[in-house]
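First comes one chain, alone, set out as structure tokens in the form predicted alone.
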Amino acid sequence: MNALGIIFSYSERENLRELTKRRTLASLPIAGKYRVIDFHLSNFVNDGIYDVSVIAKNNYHSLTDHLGAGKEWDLIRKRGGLRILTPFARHDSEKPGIYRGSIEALAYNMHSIRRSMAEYVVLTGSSILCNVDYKDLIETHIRTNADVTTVFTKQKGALGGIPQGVAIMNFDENNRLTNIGLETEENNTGDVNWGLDIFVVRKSLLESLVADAMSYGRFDFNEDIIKRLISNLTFQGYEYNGYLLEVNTVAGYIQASMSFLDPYVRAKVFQRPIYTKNKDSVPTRYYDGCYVNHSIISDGCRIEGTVENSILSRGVRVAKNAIVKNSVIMQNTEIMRDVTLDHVILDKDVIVREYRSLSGHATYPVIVEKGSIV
């Protein structure tokens, strides 16, 4: 497909506390052995888009380590392939390497975007996991003769669970965008059009829009391009009716993670292949006396205790008499004897010593930072 995919590996409005202190949002582990970016990359590849750029902002070491050259996603290619666009120091910035918005991120990586032979650009964030048909999206964009096409879904208002900060869009009878704003607590609880931060635009027009915005010191894509030019350009809507997961907040992340325990959700999310880095881990070993129920256990784990309604990444060790419930345990974490965990997120390489007890709540889980000893 004649398109360039661009993934923003971070979110300007995310609130994931300790989970993104040492990593960018796109490299956040989810569903055991996967990372958030696996779903976005796989979506592009499944629809024949093999020219993909990932724009990084900060804390991108784990992201580059996970992606490598893109072999697992079939993105090692002479034409196109995977490019990780990392920030660099600027003489005009007090904080070198930190973009002031998505427009500036595009502007400072425009040299790489221009190198692409693609005619169209698909822009996507990392905080919403969905299975959009990019082929149909681009065909719709061309057929409607739109300047920019934005993907949206109908969801309930603020009290229905839409995170604050997402774009709320209004369309006319021809599905043309008429207004855009941000979700606030004052919004009603009826159906609203929730923007999924996915846009299609001709590459030449994107270059022009970014250059114009930068010349006036404007940096936010929604506010300074879409909202400002809504009466001058044709912004077309494309409704997405499939399943989606939001990982922009801790509550959203734990809810999305736990939803993978539901066979219906797994069938929806994995209806097309999701590729990830191959670790070639040994199988999980279940010892006599252990008990595992309604959980996802990745390769390389050692289970001697009890695991219920939880997700364990690769290499997790649960010692005898330890109890893990309603929790997300990341890679290479060790849970020693007689530990009790309930509604807890343990980051990578955490050690929980004997007889410790940690308990949170479904809406506010306890988070233990990467490399910590409890």
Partner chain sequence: MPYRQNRQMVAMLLAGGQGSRLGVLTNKVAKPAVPFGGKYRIIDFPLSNCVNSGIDTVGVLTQYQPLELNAYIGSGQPWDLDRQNGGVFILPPYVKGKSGEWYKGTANAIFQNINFIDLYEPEYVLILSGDHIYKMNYQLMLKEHIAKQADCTIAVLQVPWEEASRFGVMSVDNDFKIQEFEEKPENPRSNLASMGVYIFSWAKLKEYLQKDELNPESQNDFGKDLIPSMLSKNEKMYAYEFKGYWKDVGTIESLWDANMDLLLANAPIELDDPPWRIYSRNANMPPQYIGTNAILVNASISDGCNIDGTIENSILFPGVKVESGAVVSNSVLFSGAVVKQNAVVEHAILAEDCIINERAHIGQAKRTEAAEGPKKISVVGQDTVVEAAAVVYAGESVEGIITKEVRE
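Residue numbers count along the first chain shown, from 1. Keep in mind the model is a prediction, meaning the values are calculated, not measured.
Not pictured, yet referred to below: the form predicted in complex with its partner chain.
Partner contacts here mean any heavy atom within 4.5 Å of its partner chain in the predicted bound form, and among 211 to 219, 118 to 126, 243 to 251, 267 to 275 they occur only in 267 to 275. Here is the short version: of 232, 145, 293, 174, the single residue with a heavy atom within 4.5 Å of its partner chain in the predicted bound form is 293.
Among 228, 154, 100, 302, the residue placing a heavy atom within 4.5 Å of its partner chain in the predicted bound form is 302.
Not displayed here, its partner chain is kept clear of residue 110 by more than 4.5 Å at the level of heavy atoms in the predicted bound form.
At a distance threshold of 4.5 angstroms between non-hydrogen atoms, residue 297 is in contact with its partner chain in the predicted bound form. For the chain shown alone, residue 72 is a contact residue for its partner chain in the predicted bound form, at least one non-hydrogen atom being within 4.5 angstroms. Heavy atoms of residue 280 reach within 4.5 Å of its partner chain in the predicted bound form, making it an interface residue. Residues from 34 to 49 that approach its partner chain in the predicted bound form with a non-hydrogen atom closer than or equal to 4.5 Å are 34, 46, in the order they occur in the chain.
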